[in-house]
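Presented below, as structure tokens, is a lone chain in the form predicted on its own.
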């Protein structure tokens, strides 16, 4: 970013939005991606780390509210009742120094295929608050990820909060990678709501890394509704998960291997989410 003229560190969200409204402004969260940018159009960097309201984890009556500058380490250490799949995904993000830097808002905004956090946020039906000078709007993670999030963020807009409804009994997340700190070959998450009789009343399942963007598996969700967990059901939804899925080319593995990963781990994460229900009520 050789043309940068100013580095701004505002104290309030209002100051952030004032600066972001100026041409050539770029917001910086954890900085793990922006530090590599060579965009000559960037004239000013707006550092979000000085805004206390963006670092909070709050519990409301029916939702968890995450500030965009909450880090993966914050998610691991908080005493707030955040869903298990979110803690698991935060733990799966690279190494401790990286987890200390990577933020929730940054993970959503960059939209890289291997990014871990969007998958559980999709499986939790999260909603994102996006602000600009003089305006704000809410958009579901599912809608935000219909295309690359950069195409849904206008100039001057900044992700400020993430809302997670507290409506799911249980959840789970699985990352499949060559090593603990490697980029994911597959990310998958599930959240389920069980009836008193143990039937799956409602389930959300999301997948990433094998696809260009994280996405929900609507056909799998529909197949789970009203069903009781069984080996036959898990085999069925594991196979269903691959059907119609547009796999991303990965030099590390073949498309056949990717398909097998999806089949196995979609079934496995659903099984874990259901079995975790007793611990997560």
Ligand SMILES: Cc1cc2nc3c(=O)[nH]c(=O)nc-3n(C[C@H](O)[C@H](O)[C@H](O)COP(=O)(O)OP(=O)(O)OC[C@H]3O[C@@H](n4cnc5c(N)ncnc54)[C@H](O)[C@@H]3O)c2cc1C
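As the structure is a prediction and not an experimental result, all values here were calculated from the model. Residue numbers count along the first chain shown, from 1.
Not pictured, yet referred to below: the form predicted together with this ligand.
Visitor: Within 4.5 Å of this ligand in the predicted complex, do we find a heavy atom from each of 194, 223 and 267?
Guide: Not one of the three qualifies.
Visitor: Taking this ligand in the predicted complex as the reference, which of 139, 101, 80, 132 has a non-hydrogen atom within 4.5 Å?
Guide: By the 4.5 Å heavy-atom cutoff, the listed residue in contact is 101.
Visitor: Exactly one residue in 217, 48, 214, 66 has a non-hydrogen atom within 4.5 Å of this ligand in the predicted complex; which is it?
Guide: It is 48.
Visitor: Tell me, please, which stretch of 139-147, 205-213, 85-93, 119-127 lies within 4.5 angstroms of this ligand in the predicted complex when heavy atoms are compared?
Guide: Selected range: 85-93.
Visitor: Is residue 172 close to this ligand in the predicted complex, meaning a heavy atom pair under 4.5 Å apart or at it?
Guide: The answer is no: residue 172 has no heavy atom within 4.5 Å of this ligand.
Visitor: May I ask you to check whether residue 34 falls inside a 4.5 Å heavy atom distance of this ligand in the predicted complex?
Guide: Output for residue 34 is yes: heavy atoms within 4.5 Å of this ligand.
Visitor: Is it the case that residue 201, even though its partner is missing from this view, gets within 4.5 Å of this ligand in the predicted complex, heavy atoms only?
Guide: It does not: once this ligand is placed as it appears in the predicted complex, residue 201 has no heavy atom within 4.5 Å of it.
Visitor: Please run the contact check for residue 240 against this ligand in the predicted complex: heavy atoms, 4.5 angstroms, yes or no?
Guide: Contact check for residue 240: no, nothing within 4.5 Å of this ligand in the predicted complex.
Visitor: Check each residue of 6-29 against this ligand in the predicted complex and list those with a heavy atom within 4.5 Å, in sequence order.
Guide: Result: 26, 27, 28, 29.
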